[in-house]
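Coming up, as structure tokens: structure 1 and structure 2, two forms of one and the same protein chain.
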Structure 1
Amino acid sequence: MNKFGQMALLCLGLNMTAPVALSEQANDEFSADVQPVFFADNVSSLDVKYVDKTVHLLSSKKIDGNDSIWYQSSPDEGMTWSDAVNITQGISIQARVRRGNDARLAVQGTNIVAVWMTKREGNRHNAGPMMAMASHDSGQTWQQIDTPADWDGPHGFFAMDANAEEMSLVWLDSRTKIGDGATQGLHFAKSLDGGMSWSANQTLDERSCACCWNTAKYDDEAFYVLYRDKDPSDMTLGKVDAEQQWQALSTVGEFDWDFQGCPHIGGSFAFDSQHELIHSTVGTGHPKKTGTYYLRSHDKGKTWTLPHRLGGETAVHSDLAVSSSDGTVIAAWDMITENGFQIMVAESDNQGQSWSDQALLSTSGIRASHPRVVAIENGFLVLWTEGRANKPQSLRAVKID
């Protein structure tokens, strides 16, 4: 790490004493420059996208006991930010959001859509139907839109993305009855008018993890979805093609984890169009393979390399992003230590063939979890929340060059 990076980390109060490297093929020291770029209080959930050279940030806050959803953007890779806009200003909402079941956004030109789970007292877990808002002026003004769901029950664990023509959303709900009870499954809707109207819902998988976050991204015309399946509880990658046909492509990490319970863990993936690769991180709680793993696919998600462990057995929530300019991959994850969750980071400069040592990115001794990574024009942004569990937390973002 150069002096600038060390200075920046010292300013943040970060401890960069390198922990023991646990990655199987760790080689170089993590050597990127790290610069703090953003901080916010009272944050309950976050989502971030980098579209058209703009960083789009969606967060939910609880202020004086009232829930609200906020949007802001950065035109210069996180160095400066627009004023935060309370997109639910004037609307009384009860958001049932937390890290791992965050409010999510999609960006398509000047159209932005945000969705989140509401709270409905009396429902099981007080879980309510999704609520959605849209902006058609790059986030300056917002209005509530019709719900994308055509089933009036609780919806959660959203993932959303857009290309030039369409915007797609997946989520979990339990509309399907299998056996003697309702079963949480993966559902899909698409909008062709910037979120103002949505297609009839399509069930992509009748049975999924009930409580794991999903990840979804467009690659050209195909909408790829990574979600935790059932029997076994491994991660499945599938895609909805231009004809709206769903195809389950592969299991990302065949751990054969037989688990009837609530893992609360999803995965991540990113496309490297330059090298025709898909990079992914997934977590498993398989008793003999517990941890977070990196894998890559050379054939658009049909097959995957062997899993490469990132961090130790206690690595839990992960994300990654790939640079469109040189294919550098940055992975970040949180890891349980006796002091609580800490954010770790590692990079690969050879398309995931090998990884640097892991480095501690968050402040030692402060609980920090659920990192998100986005590739920007010149580097990456890593964002996470820190503070006590089940309480509004602080959002922190750093830029990695």
Structure 2
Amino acid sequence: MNKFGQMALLCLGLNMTAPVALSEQANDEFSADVQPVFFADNVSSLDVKYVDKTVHLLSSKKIDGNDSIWYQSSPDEGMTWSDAVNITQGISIQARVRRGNDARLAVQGTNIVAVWMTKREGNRHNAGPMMAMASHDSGQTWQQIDTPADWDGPHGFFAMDANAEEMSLVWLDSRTKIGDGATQGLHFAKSLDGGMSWSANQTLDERSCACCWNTAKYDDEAFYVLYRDKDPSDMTLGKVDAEQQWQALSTVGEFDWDFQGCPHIGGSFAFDSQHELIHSTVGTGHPKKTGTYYLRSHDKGKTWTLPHRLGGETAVHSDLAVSSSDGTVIAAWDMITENGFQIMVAESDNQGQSWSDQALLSTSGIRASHPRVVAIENGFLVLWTEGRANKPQSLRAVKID
């Protein structure tokens, strides 16, 4: 349990088991069909993308004391999977990865790029510079490539995406650290050749939270980034346009949370082009508003609806996705209960205007955290890691129809 979770549990005096109504107009109970589709042992981080009707999964493992990064894919929405490929076979990588600072991937046709933080003894938290690998044959073979960073220091909390023309990456490092508190800066680089070379680094924000994960995605016109800002410590959405110009668009959930530490809580967003919406989840530790919230934007992220709480006040890490066919939204989050962290899920069939009651996905009594949600052609995949305290974690994935 992280410090934020302990604070929420010990200081707020919460009812941790009862479902919380998300709006005055609630849908019926969560009624979608859920079926397990994937399980893997000894997983310390994960990333997942659905591109060209293929699920791409990146995970990290520690085997016999050695760190390794693994890739595999599914052509049928998670029902069957390729053999896992150790993309770092024969390389000493000394990865420093964990949930919330996961190894990340971007997929562009047959090009796939993976990045992660390495260890550097003697640095603060032993954090080291990023390492990168690339495949140009859909993940069959891999090679180490020059990293996108042009500053030799610790880099972490990556977010990546690609479209047909380019691949982009954002991350945090302290080259521009200014002011007090737990801060780093948000930085950006772009590749036009499948990750083999990268643009000069661009600082998007000199003062951001130091250790909250970022989320980044392309729409038709720009590369959007959601990150935790500073002063206050709320989430900011911005975009890098085709001319590589950065524009901070809005605060997603104006909670006015003044916190000089680092809560290790990011957010999520997803585009609904059919209904011209952006859906988002964000977390806050504001004493009067603690929890995870859903919001949506009708104007490309310039303004947002009032926040609706997902789950109870102990909901922490969240993700969501939206169906491209009918606009159904699935949100998942972990929440501190009397049985520890558990994965909850809810759905909206009216573009986020109202939500079903929460439903429990994970096994009661086993700590489960950091869910990821990806929309596939026929439903959604929800993935998370779970395990006993101080034991290796397992990766679980379910399909929601």
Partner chain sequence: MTTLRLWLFASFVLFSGQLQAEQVKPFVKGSFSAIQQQYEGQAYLVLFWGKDCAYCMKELAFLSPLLKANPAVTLVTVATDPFLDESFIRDKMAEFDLAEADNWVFANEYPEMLYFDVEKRWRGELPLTYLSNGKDIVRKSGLLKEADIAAWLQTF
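Between two forms, the rigid core is defined as the largest C-alpha subset superposing within 1.5 Å. None of the values given here were measured: they were computed from a predicted structure. Each residue is numbered by where it sits in the sequence of structure 1, with counting from 1.
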{"query": "Chain form predicted on its own, by structure number", "finding": "2"}
{"query": "Core superposition between the two structures, C-alpha change of Asn378 at least 2 Å", "finding": "no"}
{"query": "Cα shift between the two structures at Ala389, which is computed once both forms share a superposed rigid core (Å)", "finding": "5.1"}
